[in-house]
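A single chain comes next, written as structure tokens; it is the form predicted alone.
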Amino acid sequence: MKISLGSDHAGYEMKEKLKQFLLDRSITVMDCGPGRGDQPVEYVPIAQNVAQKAASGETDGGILICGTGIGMSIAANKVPGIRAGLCNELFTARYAKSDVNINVLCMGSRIVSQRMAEEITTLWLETPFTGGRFIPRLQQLKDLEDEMRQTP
């Protein structure tokens, strides 16, 4: 499994620890930045990079971390093919994967502890997509996305 991973400066420390957490579980990590956490960085280009890797299939999914997770989730969802979900607790993480099959997990470093981020990540990675009645809904999302691309 290969995961793209990125953060802004607020999420840098959590990203670095989560990277090691993933590597310890034999998951390949593509670190999309930043390379350091002591300088402010813009989150949009990092979210775009992580999301594009997930959307293209270069990675099996992505994880984005900023202070609240909101900015990263908004930016990632601008990339066609991405279903980014903000998950700052376990209930949402489970159903975001099982029902919506999110392919980018977003979290807030100022909201969740490192331990909770690891638990959310594990749950997201291990929860299977339910399929069934949720498949038409994902198709509706894709159709909406396609329609919006064609609208001037």
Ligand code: RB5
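Given the structure is predicted, the values throughout are model-derived calculations rather than measurements. The first residue of the sequence shown is number 1, and the count goes up from there.
There is another form of this protein, the form predicted in complex with the named molecule, and it is not shown here; the text below is about that form.
The stretch in contact with the named molecule in the predicted complex, judged by heavy atoms within 4.5 Å, is 65 to 73, chosen from 120 to 128, 65 to 73, 46 to 54, 88 to 96. Contact check for Lys17: no non-hydrogen atom falls within 4.5 Å of the named molecule in the predicted complex.
In the predicted complex, the named molecule lies farther than 4.5 Å from every heavy atom of Arg36. Looking at Arg110, you'd find a heavy atom of it within 4.5 angstroms of the named molecule in the predicted complex. With a 4.5 Å cutoff on heavy atoms, Leu22 does not count as touching the named molecule in the predicted complex; it lies far away. The partner is not shown here, but in the predicted complex the stretch 6 to 27 reaches within 4.5 angstroms of the named molecule through a heavy atom at Asp8, His9, Ala10.
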